[in-house]
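First comes one chain, alone, set out as structure tokens in the form predicted on its own.
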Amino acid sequence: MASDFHRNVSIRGNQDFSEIKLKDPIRVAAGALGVKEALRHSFKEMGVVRSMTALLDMNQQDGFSCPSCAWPDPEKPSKVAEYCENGAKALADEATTSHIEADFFKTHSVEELSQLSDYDLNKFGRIIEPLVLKAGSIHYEPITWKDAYQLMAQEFRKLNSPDEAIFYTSGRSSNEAAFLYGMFARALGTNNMPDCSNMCHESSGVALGETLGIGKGSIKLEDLYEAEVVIVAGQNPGTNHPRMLSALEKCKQNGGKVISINPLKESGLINFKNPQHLKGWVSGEDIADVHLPVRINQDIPLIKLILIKLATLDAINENVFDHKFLDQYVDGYQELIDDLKKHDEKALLEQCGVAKEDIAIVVELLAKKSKIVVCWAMGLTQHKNGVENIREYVNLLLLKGAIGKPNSGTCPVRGHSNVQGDRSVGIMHFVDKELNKRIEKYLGFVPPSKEGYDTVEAMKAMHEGKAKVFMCLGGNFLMAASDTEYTAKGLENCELTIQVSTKLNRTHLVTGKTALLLPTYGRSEKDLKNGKLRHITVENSMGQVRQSRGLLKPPSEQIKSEPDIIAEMADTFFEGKHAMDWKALGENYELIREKIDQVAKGFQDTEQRSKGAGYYLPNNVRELDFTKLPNGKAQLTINCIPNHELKIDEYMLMTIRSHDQFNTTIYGLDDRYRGVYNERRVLFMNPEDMTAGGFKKLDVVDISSSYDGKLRTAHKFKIIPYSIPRGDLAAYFPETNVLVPHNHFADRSKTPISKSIKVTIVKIY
């Protein structure tokens, strides 16, 4: 066929409405209903015996780590159930007994499949053999592993420069797979290693690096139990990290207070029934003592206002701020105090949209407490000023001396299960000179010294035809990235796209001219090689490295582990002639861990120390060591007030998850915590804004954003009245990612502005 062959694929899928049902939002998280839903979903996908076998092994010290979020396990996990509803759904999703059989793609073209919704695509089940979509074809067909490796090697050799290849990493990968993957990219000659951190917590890493000297949180799980105050900002733990609620429950039982700061009042922070205890089946624990419904991306004026009031109290009796701590460990105190004096309290109050009475309660609470933890997620990071948002919360912690001490500190709550571990073992687009020295010394090759593409730059390179091969180690890049249409065109410009995946998703349908789909194990499955059961390691949100060993039989003998796939790919490309013995590394994970110990910072004797509860990587903040920062001290910072300059017909939209999804994976069409059933194309709107704009409940509207003269539209959403600040809107992602411009992102971190998109809405019918 002609070289300009173009597949007629849809990037949005089916947009027909289901029969939507609305109920009052459920104000109690977990409990018996959560257990019921977890088991219902598990039994449906895996059957009773397979479900119970896997669920009782998940997050146990001799079992496997949850494939869902990166929340840490207690030192002594519950033997009954150390998982949440969403963890059970994630397990059932990857360990489903539904499979895509050999003749599936003979009768289903990528064009036909692309017309389905993301939910329907996910329901087809596991991919059980390697597949190729040849140039000019609209049907995947089987390919042998040997031919797949040869095809990849052939395309890599065609490149005019190694920088024409891009290697994207999802947070589900193991440390072993991510390490090999990152080293292959460097051995090829490029640092083009965008990863999912670029799209979520990169702002956290930058902000924490600038202020505290490490891009990770400082607390351990047990610190939450005895904290006096826990601030949960820009986060919905009831849906996204439900096991976090158990830690908050312990904090409350020990007399601690919880402050929720978020535009939406989420169910998990209202009331939590812990199903691990008999009491939790009957009654729940009220979690948040105070909820501050801040307007979208107005955390900085809110925290500045709180700091001003605390500074006023401190000026009277000098015991509100920890001056001894500030003198010894912190730089920039007087500059910050001088800056606070420049701000008008009334203007800050109006801008943040929070009632002054609620702020007064928080100020009184914080003034008297010193053991403070701040937890946050994408509600803070995915804004143009995402880095500054986090730095402002760090200011609060530093002024209170709540850093580097027990029961105090920073807690960025990571999303995917090993996203932090990926970065720790070398998945990064920037250049770490010390890492490069260790690679040269211990691995025997010289890595590239030129900075590579992050996610934003990778999208642009593909769109402009500067990238020829795009490889994904897990994930659903098209639906996770911003500016869906722009990203799709970039993928279609590539000569070859490679996906290492467990299940079908939209990035497998919107591809390069040629596409490979390579099936891999789920976290829960046995990884056997030459009769030996192998294990991997992962790092949780709090920097703890531990082993993970699957126990379920994989759905096919044609499936390979991620380290196997990467090692064979590298060995084929280098034809066995490279300083690294890729084949040996792919066969023996112990050898990989030896190399990780030599090359990755902080890893030591991982083979032994990762057993049981595992071990913590070094963390300078826990040691109160800020020697790598200016003047050898932690940094207080001056952060500007955000100014969105909304026009009279514009609203501020934030993307959110439903309770029936994890990242881009859609488990179902219900969001019972918000009272929405059987539909995802909905727009949450303040009732007063609805009246003012002439909208009614379930009106169908188009949502549009306009940046740099380009109009982007998400079509056909039903309006739902909801308790959200005036002027603000919320809708699910990835359906609204199409509205996020690729070239608007957080300063310095380049995280997309997915939580603060200026939009207009037009009624269709």
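Note that residue numbering follows the sequence shown and begins at 1. Nothing here was measured: the structure is a model prediction, and the numbers come from that model.
Although it is not shown, the form predicted in complex with a small molecule is what the next lines describe.
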Inset, instruction - Would you please decide whether residue 663 lies within 4.5 angstroms of the small molecule in the predicted complex, comparing each non-hydrogen atom pair? - result: yes
Inset, instruction - Report yes if any heavy atom of residue 322 sits within 4.5 Å of a heavy atom of the small molecule in the predicted complex; otherwise report no. - result: no
Legend entry - Heavy atom of residue 65 within 4.5 Å of the small molecule in the predicted complex: no
Inset, instruction - Classify residue 754 as contacting or not contacting the small molecule in the predicted complex by the rule of any non-hydrogen atom within 4.5 angstroms, answering yes or no. - result: yes
Inset, instruction - Spot the stretch among 400 to 408, 423 to 431, 153 to 161, 652 to 660 with residues whose non-hydrogen atoms come within 4.5 Å of the small molecule in the predicted complex. - result: 652 to 660
Inset, instruction - For the three residues 172, 199 and 379, verify that every one has a non-hydrogen atom within 4.5 Å of the small molecule in the predicted complex; reply yes or no. - result: yes
Inset, instruction - Scan 490, 475, 217, 586 and let me know which has any heavy atom within 4.5 Å of the small molecule in the predicted complex. - result: 475
Legend entry - Answer option from 480, 617, 138, 288, heavy atom within 4.5 Å of the small molecule in the predicted complex: 480
